[in-house]
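Before any questions on binding or motion, here is one chain by itself as structure tokens, the form predicted on its own.
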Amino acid sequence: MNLPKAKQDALTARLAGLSFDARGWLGAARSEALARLGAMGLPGKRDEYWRYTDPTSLTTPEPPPAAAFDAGDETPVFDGIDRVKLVFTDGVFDADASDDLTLAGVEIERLAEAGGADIHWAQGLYGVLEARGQNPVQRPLAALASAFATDGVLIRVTGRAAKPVSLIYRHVSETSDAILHHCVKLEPGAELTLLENGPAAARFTKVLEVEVGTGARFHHIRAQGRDHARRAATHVFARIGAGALFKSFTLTANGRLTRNDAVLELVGDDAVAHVAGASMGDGDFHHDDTVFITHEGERCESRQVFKKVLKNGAVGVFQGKILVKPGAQKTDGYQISQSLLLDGDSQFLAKPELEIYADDVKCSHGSTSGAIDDTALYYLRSRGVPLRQAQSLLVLAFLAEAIGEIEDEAIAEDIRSRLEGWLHRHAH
């Protein structure tokens, strides 16, 4: 079916400034992704899963300018953790700022260097999960990243990684437009913690594809940068094998527009997938979490826990779905999305969904929105707690369930301290 002219024109304009690399095994994967994108076109406000978020600034030929945020003396998130650091500045790998890529039990390669080979292990992963994730909901910006990513990392984990791998995204140019694609493959029984932090660019489009083998464990924690005018569209696609664990947590503080998609498939029996997020926005802040979890195996568990704190007209969006396929008996699916509105101008838009084709399951979803509890606030104030401190304590208590999805307590404590800092800076 031909695209409507408006969509075709928008796609042509967006692709005009991008270069296409057809070399090696990666070229074939890029060509397939480009064909998918050509059939879909770019997302528009009339598309069902973009009805709450205007994608225009994510699809224009040039990104709206965004100045880099000056963090002053504040140390970067994860700074105290022993890790292998891989640094990208405006989407370009910075070898001088990065660590050596050698890590016991882990193979790490740059996409830009490995993509020109004739064969590679990533052939069975790059663009594969993204393509699967296009049905039943189209995700054109993910196909764009698969087709035109300028770089990324390919990580193959064969054992238990001695330390986390940390992807650090630095933003310098006010007009940078970064497109990255990462692939992570955990062999059976392997384990890895992947950290991500930083604003990346004025506009950032990214795909992360993760294959978690039988009995493997994958932990993903990211902190999206505070640059106020930045825009980002990120995608996580994961396939989780029998007895395997996938856990992902995202902290977002500020940013004019952020759209985080997560598409997870539990394909083996006894698999576990948790995805969580805590976001805090003030003013012209729009944050959209869109999650789709498919249960295929038996006795699988999934959790979606998303909390948003909004003030001064900020907007939060949550679209979450649990699909239980025939035969996926003993499924345990949990979904909760909640917002704390600190004034009457902010809004939270939610679309929770369940689609179940098995008869022995336990699935629940809930969504609430409200203000700080006056009774709890009065209780703290009556015991001498200053107003702003009392409000901060109640906000942190509200976010606790999402932060609790982080298993590493040192990382969880670092996240809490960042949230406390945000509350202090935005107390007025």
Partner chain sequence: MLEINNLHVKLEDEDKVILRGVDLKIGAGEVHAIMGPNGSGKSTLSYVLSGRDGYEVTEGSATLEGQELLEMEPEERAAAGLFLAFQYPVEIPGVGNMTFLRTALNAQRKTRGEEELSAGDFLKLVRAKAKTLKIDAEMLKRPVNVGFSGGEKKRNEILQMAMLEPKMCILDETDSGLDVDAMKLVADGVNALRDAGRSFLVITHYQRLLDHIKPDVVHIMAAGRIIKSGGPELALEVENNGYADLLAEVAQ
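This structure is a prediction, so every number in the text was calculated from the model and none was measured. Residue numbers count along the first chain shown, from 1.
As for the form predicted together with its partner chain, it is not shown, yet the points below apply to it.
Heavy atoms, 4.5 Å, its partner chain in the model of the complex: which of 371 to 379, 60 to 68, 356 to 364, 31 to 39 makes the cut? Say which one.
-> Only one stretch qualifies here: 371 to 379.
Contact between residue 383 and its partner chain in the model of the complex at 4.5 Å, heavy atoms?
-> Contact with its partner chain, yes.
Is residue 389 close enough to its partner chain in the model of the complex to count, meaning some heavy atom within 4.5 Å?
-> Yes - in the model of the complex, heavy atoms of residue 389 and its partner chain come within 4.5 Å of each other.
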